[in-house]
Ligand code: RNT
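This document opens with one chain alone, in structure tokens, the form predicted on its own.
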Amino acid sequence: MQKETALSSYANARERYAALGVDTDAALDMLRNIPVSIHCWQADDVTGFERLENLGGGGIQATGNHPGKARNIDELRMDIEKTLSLVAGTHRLNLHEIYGEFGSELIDRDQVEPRHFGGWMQWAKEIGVKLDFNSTSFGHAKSGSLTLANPDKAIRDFWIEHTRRCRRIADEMGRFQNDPCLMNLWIHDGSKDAPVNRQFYRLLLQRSLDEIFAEPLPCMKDCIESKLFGIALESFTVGSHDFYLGYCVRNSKIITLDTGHFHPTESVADKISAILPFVPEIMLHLSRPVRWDSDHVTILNDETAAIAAEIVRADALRTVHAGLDYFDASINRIGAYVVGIQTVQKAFLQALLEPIARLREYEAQGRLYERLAMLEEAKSLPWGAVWDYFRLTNNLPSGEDTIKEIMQYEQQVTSKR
């Protein structure tokens, strides 16, 4: 789009929104300061860089064989830097433990230390991003179907120690970047068929969590993520939403809501205002489930828009954190990154441009038709012109030119791997 056209379209859009009491310039200022925690694992299909042998176990899988996935840390960082060059705003990078700089060392997961992430901390500082972190319980010989809820004390203790060490790494990251590192704990523990002693496993998990969180660490924040079910674990999930919600409320922990980890008809957006009064903060993992937790690239669908709208309407931009969690190996990985990040930004932009003051006035006065009519009118307001202006003022190419640049990067870089 030509600069003159974008400026003219934005001027008209600003006037249209102003008539409804919406300040588009203020909305854009807010949008620039909403970080998206970008997941490192899209660029390499959740492979990581461990040198361990006999890595089996279950818990996760990526599908597709598009050429050019990152094969080492340098390539992964190159891809992330390319992604960041194509999106606006200041963002965060979410690392899994398996992405440490292990070199030729055989470092098992109960031996990992902050030194294995020193390079990541320095690199992140140089490019101006903050780090978040995750423990990694899947894809290991000791994963199986149960980790922190395993009746075998030796296996359970292995994963307790792993998670303790991950918390210390996150704490060191937070100290280094002078900003708390959010560390997410997700385990796949469950059963293929229905168990007869569900409480037994959940009490084991509760005990493990209590041991893990016993050490106070001031520069990190704990997040706990539930799931509905997993492949080969369809009948029972130890860390269900109800279990973790209760644990987070009792222990003042951050709950992670993954948009693919609930029944298809559940609304994650509706959970935000229901949970916020009882937990300190919420972490979101945004993906696009297709009938199950298939981790498709996030798109601007009704649920994504509803989540952003609920956060803004609840004035919760400081207490609800947005992160991405998908891994599509069937398409260009950089393109998947850019689409997902921009989708979240577009959803927040639409929410920030909503004539919320007028809508609240209608609702408070019981003017329900006017509220409905204004909500529908807002859907066709010229938010696209505001988005184009956002890209223009951040010196980014247009959407079509972004596609061309991504494909050029594939031709020149990723296709040669």
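In this text, residue numbers run from 1 along the sequence as written. In this text the structure is predicted, and so the values were computed from the model without any measurement.
This next part talks about the form predicted in complex with this ligand, which is not shown.
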- Segment that reaches this ligand in the predicted bound form - one of 179-187, 146-154, 307-315, 115-123, heavy atoms within 4.5 Å: 179-187
- Does E225 reach this ligand in the predicted bound form, with heavy atoms at most 4.5 Å apart? yes
- Heavy atom of D79 within 4.5 Å of this ligand in the predicted bound form: no
- this ligand contact at R167 in the predicted bound form, heavy atom, 4.5 Å: no
- Message: I'd like to check something about H96: if you look in the predicted bound form, is any of its heavy atoms closer than or equal to 4.5 Å to a heavy atom of this ligand?
- Response: yes
- Just one of L28, L381, I34, I60 has a heavy atom within 4.5 angstroms of this ligand in the predicted bound form, so which one? I60
- Message: Exactly one residue in F213, Y247, F236, F138 has a non-hydrogen atom within 4.5 Å of this ligand in the predicted bound form; which is it?
- Response: F138
- Stretch 258-296 - residues with a heavy atom within 4.5 Å of this ligand in the predicted bound form: D258, H261, H285, D293
